[in-house]
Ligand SMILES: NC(=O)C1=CN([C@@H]2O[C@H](COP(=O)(O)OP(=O)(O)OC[C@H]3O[C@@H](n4cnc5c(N)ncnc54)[C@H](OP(=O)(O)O)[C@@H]3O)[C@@H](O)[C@H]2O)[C@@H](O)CC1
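Read the single chain below, which is given as structure tokens and is the form predicted alone.
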């Protein structure tokens, strides 16, 4: 799957550039798009007796007229239902003219139970709620358990944000063209799309050079070139040293999950910085992971003077009864460089003074990676979180720009954003990760990769993908303790992707 994501506006620009350079004009591209959808329908539903094609008045509807014509030519029983005629002189009008089927009105359409419906009403370009009749049909299709194939994007879902403004179609299959859009991956759009097929309709890859997209799909192709690979000359510290701050005696497990994940992701050395009253508890559970007593911010500075780790994890299970903010600021000021992954309590501790964190991070030699879930994001960026006019992608980008950090905005549609404007939406999220402690593991994987000198944005993207991939492979019954042990198989296959190995 291509890694570039295009907004609806960028996709329109790609079409314009492609048409201006040829060899395909707009109607030829529309015929190619319709042919791609028809091929997927015939591949899956070749024995279908009745197919309903819903056509809107714009280009998405034009694709639908092409689909209907091709399915009719293939011997299918097809009915066309239109929400108004296309505007004269448009490519959609040409497609309607060439379709031999007379269109019935959308107002008269009622889907039969389990019927096959091709949704070619509006696609990704709609920026307003569906009209009354289209909204009625979307609800009727859902109530009738109709099998919906969406052209480009289920009508009613925003191509920019993935949100549904009012009613929207729910598809079992979505066929889109050239590149995915953010709305295909951001929830609830991702769930509404069902299976997604990206079809080649003849747009040249060179159009991307002019558009220069900054939003990407989080797949290995995005970060594989910078993925750390061990060499024979390395020793444990040269493979990266991670320090994980532990909570008190009653909350040490989160730090150990992070520490083990950092080690399993390839870091050569991992040390748990533990308060004195938790040393015995941690020592009883740690073998290959080192342990050092660190009771206060002054002890942090002393530890860094002896050996400064390449990456830190602060927050998992740390607790808010200690001055977490002072610990975080001490690390940012005392370390000679590397990465600090701030998670959980480390984020919450700055809820009333987020600017203190951002200022310290921007003046620190350390790179900052934040890993908030929705609630933690709202504590650190309350205005962004409350702005319903922003998509999750825009919120993550805004947070990265403000903080100067790489932001991993977690969820089923995790967004990773960098202060330089790059952003990636994760593709392989799984519900099995909705279990206590999985975020602690993610923080450790991020730190483990960053400690091996993987660039922070790439490390964040790789960690999110690997974390989800491990959970997907395990499936039902997953608990956080399972995740580190699943990493070797994922790592082995990632490294094998590179033909040079």
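All values derive from a computational prediction rather than experimental measurement. Residue numbers count along the first chain shown, from 1.
What comes next is about the form predicted together with this ligand, which is not displayed.
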Open item on the list: Within 4.5 Å, heavy atoms only, which of 281, 216, 203, 78 is in contact with this ligand in the predicted complex?
Closed with: 203
TODO: Identify which of 238, 428, 107, 127 has a heavy atom within 4.5 Å of this ligand in the predicted complex; exactly one of them does.
DONE: 127
Task: Segment assignment from 59-67, 429-437, 39-47, 457-465: heavy atom within 4.5 Å of this ligand in the predicted complex - done: 59-67
Open item on the list: Can you work out whether residue 123 and this ligand are in contact in the predicted complex, taking contact to mean some heavy atom pair no more than 4.5 Å apart?
Closed with: yes
Task: Touches this ligand in the predicted complex: residue 29 (any heavy atom, 4.5 Å) - done: yes
Open item on the list: So in the predicted complex, is this ligand close enough to residue 376 to count as touching (4.5 Å, heavy atoms)?
Closed with: no
Task: Non-hydrogen atom contact residue 15 with this ligand in the predicted complex at 4.5 angstroms - done: yes
Task: Whether 11, 33 and 152 all lie within 4.5 angstroms of this ligand in the predicted complex by heavy atom - done: yes
TODO: Any residue of 339-366 with a heavy atom within 4.5 Å of this ligand in the predicted complex counts; write them all down in order.
DONE: none
